[in-house]
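Let's start with one chain on its own, the form predicted on its own, as structure tokens.
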């Protein structure tokens, strides 16, 4: 996903000279290396100074540029939080904060690199929009939207690398609109980010058992597509919400609130990271399993 972002951003930058990148302690040999080589005057690495990264983006935006702040999610959002709130969101500046490795993607780097609460934190700030694509193609579409928009700040939550395509048969991406990836009639899975791949795999497995499962990408967490989600809550007897985020302040809470307000009668089950710091070392799928998120668990929850 980060490579797709970098390629898409580079293509856009070749057409729009206002686009620039400010990173914080990310190696220039990484995904943004080609952009740095082609546009060195539009690439700035502030080092371990994330507050400076955000403050600089705010000033550049006020001078007519279109800056993107780009680094690992915890350092993109948590460390410079006050600057994001006051410099970007209070001023309602069109700056995109790109958080690489949302959730527990950086599994082997420990809690300092686990962005378990980022969706809740970003969504709580007035004027901030939050997008979390589920695969490289959705990342491309989300990036194209971000480089074109000039209305206000955005938190773009991405995975890291190697995520498979799962949206190839879906309708075109539209900001703020839920996107159906798979048709079904018995159960509907709502989710976002790379973890939604588990939902697609579970849906395919359950289809063989005679259980028809729909899967929808809720890539835009704020503003939430209430008008698009409400019919799904009304049209399915069961809905499962999946997210690689803590259980408070995320999609699960929002869907349950919407179900109550709209009078939906469906059963709603939520699968998320646990509300705890799990001291576990391992690969991404292993730490997800430690949190209770796995293919077997999704199949069990959806098919129950």
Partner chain sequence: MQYRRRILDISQKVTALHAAPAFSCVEITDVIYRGLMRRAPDGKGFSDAFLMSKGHGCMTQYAILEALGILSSEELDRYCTPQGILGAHPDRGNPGIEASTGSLGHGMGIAVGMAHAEKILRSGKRIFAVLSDGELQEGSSWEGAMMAANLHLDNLLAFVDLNDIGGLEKMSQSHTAFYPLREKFESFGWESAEVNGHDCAAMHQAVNARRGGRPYALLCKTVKGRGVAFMEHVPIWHYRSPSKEEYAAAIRDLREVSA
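Keep in mind it's a predicted model, so treat the numbers as computed, not measured. Residue numbers count along the first chain shown, from 1.
Form predicted in complex with its partner chain: not shown, discussed below.
Trainee: Would you check whether its partner chain, in the predicted complex, lies within 4.5 angstroms of a non-hydrogen atom from each of 70, 77 and 116?
Mentor: No, none of the three is in contact.
Trainee: Is residue 36 one of the residues lying within 4.5 Å of its partner chain in the predicted complex, judged by heavy atom distances?
Mentor: No, residue 36 is distant from the partner.
Trainee: Going by a heavy atom distance of 4.5 Å, is residue 106 a contact of its partner chain in the predicted complex?
Mentor: Residue 106: no, not in contact with its partner chain in the predicted complex.
Trainee: Residue 278 near its partner chain in the predicted complex, any heavy atom under 4.5 Å?
Mentor: It does not: once its partner chain is placed as it appears in the predicted complex, residue 278 has no heavy atom within 4.5 Å of it.
Trainee: Using heavy atoms and a 4.5 Å limit, would one call residue 250 a contact residue for its partner chain in the predicted complex?
Mentor: So residue 250 does not count as contacting its partner chain.
Trainee: Counting only non-hydrogen atoms, choose the one of 54-62, 250-258, 263-271, 233-241 that falls within 4.5 Å of its partner chain in the predicted complex.
Mentor: Within 4.5 Å of the partner lies stretch 54-62.
Trainee: Identify, from the list 214, 178, 93, 154, the residue with a heavy atom within 4.5 Å of its partner chain in the predicted complex.
Mentor: Residue within 4.5 Å of the partner: 93.
Trainee: Looking at its partner chain in the predicted complex, which residues in 125-151 have at least one heavy atom within 4.5 Å of it?
Mentor: None of them.
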